[in-house]
Structures are given as structure tokens and as C-alpha cells.
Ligand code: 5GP
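Shown here is one chain on its own, the form predicted on its own, set out as C-alpha cells.
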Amino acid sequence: MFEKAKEIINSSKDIYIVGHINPDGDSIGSAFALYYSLKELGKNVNVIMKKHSDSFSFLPGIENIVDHVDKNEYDLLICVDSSQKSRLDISDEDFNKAKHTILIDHHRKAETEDNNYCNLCFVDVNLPAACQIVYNFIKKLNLPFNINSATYIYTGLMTDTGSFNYSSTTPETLRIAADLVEMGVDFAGICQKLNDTIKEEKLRLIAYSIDNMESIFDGKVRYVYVSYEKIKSLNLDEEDAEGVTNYLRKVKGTEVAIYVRGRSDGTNKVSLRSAGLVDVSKIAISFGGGGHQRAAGYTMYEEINVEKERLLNMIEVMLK
């Protein structure tokens, strides 16, 4: 399969790369690591990304994003970090303009879900980050790998492993990180920007969330809902409103942390974190989302209180 991927890339001139909507560090890291690698091959490469959190603005070349395909046809589309075609940050029309498609991903999927929506698929649900698969992909194909690609790979690994704290982190993950540091990646600078720096408005959102946190099932579940109106009143956008779940899960005795936030389209995004007893990926998948055993998410489309009751009922059963 790697030989086929190499053949397709070698024969491709115009290449687009896309991750999922509301991209996190792993999606951004995977896309731009490939971008810089393929640019060195002389390819005409673009990353499709309609918007991203300001937190990632320090990364090299991230301003060079496009929001659509400006050609009637192109050679290759590489999709990263999404088990669902519907969650890609690209229209069906632009997706279908590609002669060839490649998927690189690490998410679990529902049995009814097709995560083989590309011609070639490199999927490993046992790895903590798509960036780890991208790194192996680049190395296997003997593609160029410069400091910019390394910086993005490190960003994806660090963010999707919780700074290498999550149990999904593998020995190989740490070996790759060591190789990247040896290359000269500013690991301390990346950590400082992404882990130790937040806007005052984001701090106020965290404070509001903690103040309004509910303790459910004898403290085994921590739940908070923040409306879109509240997020806007704090002068935050949807991307900057991410990340509150990690504060809820820190409370002693918490098995499942739930952060629900409103969106501009009237839906609500659900972020789930587990201490290990509950496999939250099963919950997310049952509601049309996805993720991993300890970190998953999905979208609520119905009235918030109805959806909340359905979610809590499922968690209660799993806790027992």
C-alpha cells in the first residue's frame, strides 16, 4: 500500500490536504507536516482550512491556508484525522474533483460508518495521534522532512496525548518526540504557547464553567453547559471555547467529564473525557460522533435538556 501511495504522490502535481472542521492540534499538525514535506518535492500543495483557533497562529506558515479548491480537477486529496467524510472541512463538490484520495486517521468508527471513504486508507486506532501515522507515512515513503514538518508533528503529538500524559501514548510516540527534539524542534516554546498561555477571556470562560459545574452520580460525573450567547459575550469564537473538559476531569473522583457548548448554528458540541472506567468513544459513536476510549465527542441536535437526559442515562448504565 505504501508503494501505491508513493506512486500516486510522485505522479501528482496539484495536491490538497484537509482535516476536520474546528481543527485541533493533531489535525493542523498532520495537514501542515505533509504540506511542508510535499512542498519540498516541488508539488503545488494547499491546506484547506476555513478557520482555526488563534492559539495556533504562531506556527510557521499556518496563514497559508485556503478555504476551497480553485480548480475543476486536481490530482490528489489527502484527508487527515477524520473517520467521517462528513466532518472534513471540504465540500462534496471539491472532494469529488480529486483524481485520487488518501486517508490518514486514528479514530474509532461506528459499525455503520465508513472510514474507508478514500482510495487508500492508512488507519490505526491504536495510535494516539494522526500525526504519529503521518510521521511513519513520511518516513516509509522517504519523503523530505524538514524542521517545519517536525514542528507540526510535535504539535500534533503533544496536543493529542495531553502532553504525553494520556495512557494512549506509546513508547514509539516518545521515541518520535525525542527524534523531533533532536532535530531542533522548540518543544518548550510550543508547550508555552499551547499549554501555558491563554487569553483573559478564555480564563473567564473556565471560571464560569467551574462555577456552573454540576456534580452528578455522587461526583462520578461532572457536567457543564455553556451557551453560544455566553461564549460570544466573552468575545470568544467557537474554536477558542474548546478545552474546558480537561479542567472538569481533574476533580477527584470524577469518572466522566462532560463539557457542552453552544454553536452559532444552534447545535451543541459535546466533549467527553473519561478516567478509564467508562469508554466514552462508545457513547460518542452511539450519538453519531467518535473518538477514543478516554476522549471523544459528538454534536447534539435536539433540545439541550432532552439530549442531556439521554446522555446521562447512558453514562449511568455504563457506570454500573
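What you see is a predicted model; the values in this text were computed from it and never measured. For every residue, the number given is its place in the sequence shown, counted from 1.
Missing here is the form predicted in complex with guanosine-5'-monophosphate; even so, the following discussion is about that form.
**Q** For the interface check, one of 51 to 59, 66 to 74, 37 to 45, 290 to 298 should have non-hydrogen atoms within 4.5 Å of guanosine-5'-monophosphate in the predicted bound form; which one?
**A** Looking at the partner contacts, the answer comes out as 290 to 298.
**Q** Would you check, heavy atoms only and a 4.5 Å threshold, whether residue 282 touches guanosine-5'-monophosphate in the predicted bound form?
**A** Heavy-atom contact with guanosine-5'-monophosphate at 4.5 Å: absent for residue 282.
**Q** Report whether the minimum heavy atom distance between residue 136 and guanosine-5'-monophosphate in the predicted bound form is within 4.5 Å.
**A** Flag for residue 136 set to no.
**Q** So in the predicted bound form, does any heavy atom of residue 84 sit within 4.5 Å of guanosine-5'-monophosphate?
**A** Residue 84 belongs to the contact set for guanosine-5'-monophosphate.
**Q** Check whether residue 100 has any heavy atom within 4.5 Å of a heavy atom of guanosine-5'-monophosphate in the predicted bound form, and answer yes or no.
**A** Residue 100 lies outside the contact set for guanosine-5'-monophosphate.
**Q** Using a 4.5 Å cut on heavy atoms, which of 201, 179, 242, 94 is close to guanosine-5'-monophosphate in the predicted bound form?
**A** None of the other options qualify; the answer is 242.
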